[in-house]
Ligand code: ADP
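Just the one chain here, the form predicted on its own, laid out as structure tokens.
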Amino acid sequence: MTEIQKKTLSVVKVGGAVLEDVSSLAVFLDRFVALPGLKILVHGGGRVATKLSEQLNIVSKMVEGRRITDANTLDVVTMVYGGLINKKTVAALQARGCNAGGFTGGDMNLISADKRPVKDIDYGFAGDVNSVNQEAFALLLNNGITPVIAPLTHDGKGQLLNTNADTIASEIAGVLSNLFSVSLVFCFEKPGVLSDANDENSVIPELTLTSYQSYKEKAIIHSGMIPKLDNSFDALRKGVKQVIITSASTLDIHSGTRISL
């Protein structure tokens, strides 16, 4: 199958801050539905999980922005990611005429993972993706279903695992680039990658691997943006056509920050 014959596919990841705000979410979903071609939505929800944990008197433990997922926390994120957020999002998309279906990585064996090995830190039931089921995703997409993916995977032995949503989006996009012409879009509350975190007009329009390294060395890009960009470059190496980091309120592949090798 040549590139010209491939159907277009947008893999869109939306962050928890957008999911929490009813008006922001409504605007984002309107724009998501309007995207041309096939679509997959991957969502986070960490802030909602933290709030519910507090209500249940379960202490949320974070290390460098990553959640320590003990057994109680896994129950919470399963309820929040696989239930509350996923099903509300599916219902909102159905109301907009989008035939969405909500899934975790365990459904249809869509995404399998290995429990993260204990090194300096024990992350508990955190999973690192080892495979994405290309055939199952293609079956859904080619039958008119828009998958809405919660950031939960499974190990094939009955164990659910909490997995980073950015990584899931990147892995899905990379694998499906074998079948489709894929655009990967990371949406969050900022208009793109900023050179000044306090100035939303300081969007960096394009990031190459070379300029990324330079920005990191100068600490202009740091913290949570680093794994997001690492996932972006990884997706491009796997054949994804384009990667954009942009605002959920615009969801526009012509704005924000374009990532290129």
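Residue indices: 1-based, along the sequence shown. Treat the numbers as computed from the prediction; the structure is a model and nothing was measured.
Unshown form predicted in complex with the ligand; subsequent notes refer to it.
Relative to the ligand in the predicted complex, residues Gly16, Lys190 and Gly224 are all within 4.5 Å by at least one heavy atom. Ile220 is the sole member of Ile58, Ile220, Val33, Leu209 with a non-hydrogen atom within 4.5 Å of the ligand in the predicted complex.
Leu194 is the sole member of Val27, Leu194, Ile68, Leu52 with a non-hydrogen atom within 4.5 Å of the ligand in the predicted complex. Contact with the ligand in the predicted complex, defined as any heavy atom within 4.5 Å, is confined among 130 to 138, 96 to 104, 69 to 77, 182 to 190 to 182 to 190.
At least one heavy atom of Lys228 is located within 4.5 Å of the ligand in the predicted complex. Heavy atoms closer than or equal to 4.5 Å to the ligand in the predicted complex belong, across 29 to 57, to one residue only: Arg47.
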